[in-house]
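This document opens with one chain alone, in structure tokens, the form predicted on its own.
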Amino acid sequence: MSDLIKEPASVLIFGASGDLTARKLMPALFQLSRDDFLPPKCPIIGVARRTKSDQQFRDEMREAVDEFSRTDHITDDEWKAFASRLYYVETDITEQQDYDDLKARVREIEQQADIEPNRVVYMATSPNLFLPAIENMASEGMIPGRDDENWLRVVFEKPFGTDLESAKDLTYQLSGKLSEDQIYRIDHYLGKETVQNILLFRCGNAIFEPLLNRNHVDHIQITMAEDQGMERGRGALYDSSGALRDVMQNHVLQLLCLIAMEPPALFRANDIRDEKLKVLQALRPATDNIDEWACRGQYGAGSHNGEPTLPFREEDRVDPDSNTETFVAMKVNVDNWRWAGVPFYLRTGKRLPQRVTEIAVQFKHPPLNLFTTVECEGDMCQMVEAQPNTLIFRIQPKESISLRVCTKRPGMQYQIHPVMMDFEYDESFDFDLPEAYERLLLDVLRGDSTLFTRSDELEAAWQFVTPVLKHWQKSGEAPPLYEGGTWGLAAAMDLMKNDGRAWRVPSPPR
């Protein structure tokens, strides 16, 4: 039994009938239970509007866990042990009168389990239900105060606001009911093993941290690409957000913070988040003209794995006249002593050639190019430009860390041949990597907010992207089209081409 969780707690999932619960939350909770990270006395209570019994809920969750869990075969005994934790309470989240029954039923379950009313509430709902749920919980006395012996932690999924003003307003409204240490704004990318390893890799290896600065780094590229379009009925939701809100404002900027931040004085939540905040506050556009450093696009018709694909405007549940961007690229600067003059190139998009997320740190060339550089494929070799050292953090789909270095090609001449030094998790460790939601749910139960976004971080990120968002909205123009299955816009290529650089073409996973 793990001692990571000091005391048992009940987990309430608001929106328990939704896709997020079935695909991510319940498989993650099952795995935590199976691996002995959850105390035996830790009930999991689904809360939703649909009518169903505890047994119906358990049967539905068995199907979800069978389909989406990383465990290949779940025995009946394993499931029976987990299912005994599961309960369901029919509740209309928007109706205050339903919370009297909810509170009574939850307390009854907790008393049966012989635990105190310490609770995690996961808001697996649409954002418009965040405030009604919290207000109704507060009215029913389900939110403990600072001096209360029991605790409550509330997890909010993105999007947390749609621009700077709405994010500030939501934080202000919630602050009347919840303290900041009760709020956990989740970004599932921060739960991925390689993302967490960025800080350890930097701060735990003396040979690398001194090199990550303007004296040695030429530029940094962050790519978050998806080869899918609007599968699983996501068209309507994505059409209302777009790539800038859905990915750039949160996932991409969080990755930028982790690679650019100063090492914290202590490895504690607030110390780490303080350093991330400093990066966001130092973030600057490349020029005063937004169109010169930020571009957007929307995918048109194309192909994927040899099959034709629809343009975005013809996808299910997407407005036929939609001006929503599905691709964004930016060139930005971090104006501080460490990174002054080092450009950061960011891009994200749907319907690109492959699903890949990576951070590539490209170092400067040596001051003198003393040797010829040769690249060979089989028996075919050719002279190429000198290849710089590159440190690559691959976050998905196959988590790894790679370093491109130069070595002498065997033979009678002094010729440089670039080679890759690779570390891949699944080859070095003989066990499955935990899913991001497993780590993040465990951290909530532990009260560790390191991998969650603080309100001032969130607002600093929105402050940077909101002018871009408003500029595109004000223009009223449709985003330029790019062919589905390609790497996006010519304008994105020009962001780097104009600087004498080029985007990396990520290698497909082996």
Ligand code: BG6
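As the structure is a computational prediction, the values presented were derived from the model and not from experiment. Start at 1 with the first residue shown and count on from there.
Only in words, not in the display: the form predicted in complex with the named molecule, which the text now covers.
Asker: Work out which of A329, L352, V121, M224 lies within 4.5 Å of the named molecule in the predicted complex, going by heavy atoms.
Answerer: Result of the distance check: M224.
Asker: Considering L256, V334, V247, M137, which brings a non-hydrogen atom within 4.5 Å of the named molecule in the predicted complex?
Answerer: Only one listed residue qualifies here, and that residue is V247.
Asker: May I ask you to state whether S240 is within 4.5 Å of the named molecule in the predicted complex, using heavy atom distances?
Answerer: S240: no, not in contact with the named molecule in the predicted complex.
Asker: Might R85 be said to contact the named molecule in the predicted complex, defining contact as any heavy atom within 4.5 Å?
Answerer: Because no heavy atom of R85 falls inside 4.5 Å of the named molecule in the predicted complex, the answer is no.
Asker: Applying a 4.5 Å heavy atom distance criterion, does K158 contact the named molecule in the predicted complex?
Answerer: Contact with the named molecule, yes.
Asker: So, S400 and the named molecule: in the predicted complex, are they within 4.5 Å at any heavy atom pair?
Answerer: Residue-level check for S400: no, no contact with the named molecule.
Asker: Pick from 334-342, 267-275, 129-137, 225-233: which stretch has non-hydrogen atoms within 4.5 Å of the named molecule in the predicted complex?
Answerer: Careful reading of the contacts points to 225-233.
Asker: Of 112-132, which residues get within 4.5 Å of the named molecule in the predicted complex if you count heavy atoms?
Answerer: Residues within 4.5 Å: none.
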